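In the form predicted alone, a lone chain appears below as structure tokens.
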Amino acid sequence: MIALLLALFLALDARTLWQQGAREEAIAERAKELAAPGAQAELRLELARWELAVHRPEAALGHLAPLGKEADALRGEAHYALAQYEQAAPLLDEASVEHQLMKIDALEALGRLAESDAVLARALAAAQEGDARLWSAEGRRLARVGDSAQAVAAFRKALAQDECAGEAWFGLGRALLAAGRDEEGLQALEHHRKLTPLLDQWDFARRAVDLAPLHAPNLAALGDAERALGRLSRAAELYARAVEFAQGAEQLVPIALRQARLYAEDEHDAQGAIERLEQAAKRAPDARLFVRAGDLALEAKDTARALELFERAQKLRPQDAEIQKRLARAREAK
């Protein structure tokens, strides 16, 4: 009984670490707990979920090894991540859209196309709002059987749900070419070519956030990737979270400048950009924040505010020649 209470107490510690974004520490703590007498199967399952969340499928499989069928769905996910499709296919749980997609891909990779198509048909029938990835899979199926026109329609459905679906752009280009619509097909393939490095950047940044979700530079890097993809609302949300969790001026200042750039350049909201720079400056007075806010105020013809902001920057860097030039320009404009 005492061992069980100790295990539960330690489990709370590990979960708290996980919720606080200390994922390496949470995983290490949970791994220690499994060595304690009376450790519960649920702790082992939770550890495996955490390891999968931070892209460690081999470790997850190791911790799932002593368990029975209750671990099969997680085993399937881990095998899929390791491209072990033969082992993954029978274990994946079709009750989950994510697992449906994995199973479709795994069966396709194994050449078991009739089974893959059957899973896809069930997934599309059960989907209430649809999923861009499911429609991309349907486009692949239709292209494979030579129905280029319907494949085009399926890929367009995918892109209507996610305009950054790289697979859909590639499939659309190929289907259009097969349908004899060469110019449109080449345009779609060119769009895919330009999109691919941006999606790679996004995936790299997302994996870093998966590992340290409250680390401000990670959040800002994912914001940069979302901004590059044109998903501005997502980028704005990520920059706001990054600002919230930033530690010290070294992290806060560059993130606030990037956040302001989104508001000023993409949203055409100079006032919103200035406000966020000034909010950041309350936490970390830095000449760069005041200079950028002053530039935006001057561009917006708010000369009095620009002058005030440049003066605040000058107090922090009294010998800075660039700040002195800006001050002179603001005074002339006034």
Partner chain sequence: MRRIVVCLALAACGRETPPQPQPAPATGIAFTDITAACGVDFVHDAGKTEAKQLPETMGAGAAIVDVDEDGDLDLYFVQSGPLPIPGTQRAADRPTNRLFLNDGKAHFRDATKESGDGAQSNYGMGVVCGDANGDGHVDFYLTNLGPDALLFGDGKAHFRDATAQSGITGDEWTMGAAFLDADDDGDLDLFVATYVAIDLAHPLWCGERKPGWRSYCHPDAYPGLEDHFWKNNGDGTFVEATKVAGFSDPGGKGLGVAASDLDGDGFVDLYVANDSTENRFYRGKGDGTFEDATLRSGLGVDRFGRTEASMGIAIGDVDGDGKLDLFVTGFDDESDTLYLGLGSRGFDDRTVAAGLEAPTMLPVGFGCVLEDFDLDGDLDLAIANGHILDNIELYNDGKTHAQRALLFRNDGQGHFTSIDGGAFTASPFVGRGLYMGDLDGDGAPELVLTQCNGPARVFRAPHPGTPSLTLRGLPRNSRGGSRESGAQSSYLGQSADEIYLPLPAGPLQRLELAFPGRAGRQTIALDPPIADGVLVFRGEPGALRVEQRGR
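Throughout, rigid core stands for the largest set of C-alpha atoms superposing within 1.5 Å between the two forms. Since this is a predicted model, take the numbers as computed values, not measurements. Positions refer to the first chain, counted from 1.
Form predicted in complex with its partner chain: not shown, discussed below.
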| property | result |
| --- | --- |
| Options 68-76, 233-241, 123-131, 106-114; stretch whose heavy atom lies within 4.5 Å of its partner chain in the predicted complex | 106-114 |
| Residue 288 within 4.5 Å of its partner chain in the predicted complex, heavy atoms | no |
| Residue 141 within 4.5 Å of its partner chain in the predicted complex, heavy atoms | no |
| Residue 56, heavy atom within 4.5 angstroms of its partner chain in the predicted complex | yes |
| Contact test in the predicted complex: residue 192 vs its partner chain, heavy atoms, 4.5 Å | yes |
| Option touching its partner chain, based on a heavy atom within 4.5 Å in the predicted complex, out of 150, 161, 196, 96 | 196 |
| Of 227, 157, 258, 174, the one that lies within 4.5 Å of its partner chain in the predicted complex (heavy atoms) | 174 |
| Within 4.5 Å of its partner chain in the predicted complex, all of 265, 306 and 310 (non-hydrogen atom) | no |
| Its partner chain in the predicted complex - contacting residues of 195-209, heavy atom within 4.5 Å | 196, 200, 204 |
| Is_shifted residue 83 between the shown form and the other one (CA, 2 Å cut-off, rigid core) | yes |
| Rigid core superposed: residue 305 CA moves 2 Å or more between the shown form and the other one | no |
